[in-house]
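What follows is one chain in structure tokens, specifically the form predicted on its own.
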Amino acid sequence: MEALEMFTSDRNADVYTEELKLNLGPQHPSTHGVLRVELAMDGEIITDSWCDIGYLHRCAEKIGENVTYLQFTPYTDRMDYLASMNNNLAWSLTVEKLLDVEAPERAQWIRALVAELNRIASHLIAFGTYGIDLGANTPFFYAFRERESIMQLLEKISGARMLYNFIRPGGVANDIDDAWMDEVSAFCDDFEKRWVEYNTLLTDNFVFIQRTANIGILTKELALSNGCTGPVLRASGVKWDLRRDVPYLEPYDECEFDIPVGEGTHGTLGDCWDRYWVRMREMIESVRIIRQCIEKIPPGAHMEKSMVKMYKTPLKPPPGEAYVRCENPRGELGFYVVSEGGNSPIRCRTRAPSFCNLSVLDKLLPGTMLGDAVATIGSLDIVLGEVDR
């Protein structure tokens, strides 16, 4: 009895406790690249968060100021390496604006077609890896099956499987033929059936909904104040898409498609499930655009004639500046370029969507559990290649 009283009194004595500092990454699958997130933990609860980037920094912008305009095109492939076509497009449009040149009509339709194919391929990675983040491995293999089909299609016209360097200032590197477009149509027919399988595997899965609904809630106000764009912004209820609101290619002005937004279907508007579901629906909208591109693509040249002559010598845009933004799979990608008349820009800056979307992470994590941090990071669908540039 005496020993019990001594033990009880010891347990009631003041105990000194402190927060645990936990490093999530930089070498961790759930950070989707070399991202380090320092977490302050009170047990399983996150009390504070600090994002630490820079582990992949490659000075891409500075390189852009020391190579020619055409030489920098392959570097854009390697920023968001899951959406190379889209990066090529934004850079090419910026250079064309400097040169006051417009790509031929056929080239614009080809650009829209391949950009939407690449958007689907990118979203398939987001779908597959997000399943792995939350403990579902099977969707990853399903996603890679269809992504492989897209990579084979794009390899046929560009010669590369992932880093395409296909869209170039003045147009596209190669023309496409009817046989290739027939293959794209066949892919679209098959993909719509496969998309139903994805929803059976993950979208309607009870455990998946429990892990994502009401988790990582990003309000409209917070998204706008942090410059979030793309699916991350639209999942918070903001119907903003450059393809519709600021069309940068003729096809986007002529094609019919919807802009999916979050609706709080299973939880609160702007949660992880909404961000996931917006990307899933965008893939179907991309299929709609691709079908219309195939149907409406006009005959003609795939490269502006004046640019063919310029390609024989380094491009030298007149002095001036240009900024162009495009709707990439992860949001608004923008290039700002300043020319002094030389064969390379004196300023080359990038507005990377993943960088801006990542800025809200430290505001979403406090108050959640450690497992929710993995779900939140995955729902932002970041690529560190464009965050660090």
Partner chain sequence: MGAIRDYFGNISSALTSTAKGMGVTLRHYRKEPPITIQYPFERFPVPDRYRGLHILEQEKCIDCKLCAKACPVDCIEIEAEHHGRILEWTQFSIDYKKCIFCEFCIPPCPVDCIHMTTEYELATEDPDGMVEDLLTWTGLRPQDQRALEEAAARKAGKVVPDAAASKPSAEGTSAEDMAAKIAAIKARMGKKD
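Residue numbers count along the first chain shown, from 1. These numbers come from a predicted model, not from an experiment.
What comes next is about the form predicted together with the partner chain, which is not displayed.
The chain is drawn here without the partner chain; in the predicted bound form, the stretch among 197-205, 271-279, 111-119, 289-297 whose residues come within 4.5 Å of it by any heavy atom is 197-205.
Between the options Ala301, Cys188, Ala136, Ala160, the residue in contact with the partner chain in the predicted bound form by a heavy atom within 4.5 angstroms is Ala160. Site annotation in the predicted bound form: the residue of Ile284, Ala173, Ile259, Ala213 reaching within 4.5 Å of the partner chain with a heavy atom is Ala173.
The partner chain in the predicted bound form comes within 4.5 Å of a heavy atom belonging to Arg168. Not displayed here, the partner chain is kept clear of His266 by more than 4.5 Å at the level of heavy atoms in the predicted bound form.
Contact check for Met41: every heavy atom lies farther than 4.5 Å from the partner chain in the predicted bound form. Shown alone here, Tyr164 lies within 4.5 Å of the partner chain in the predicted bound form, counting heavy atoms only.
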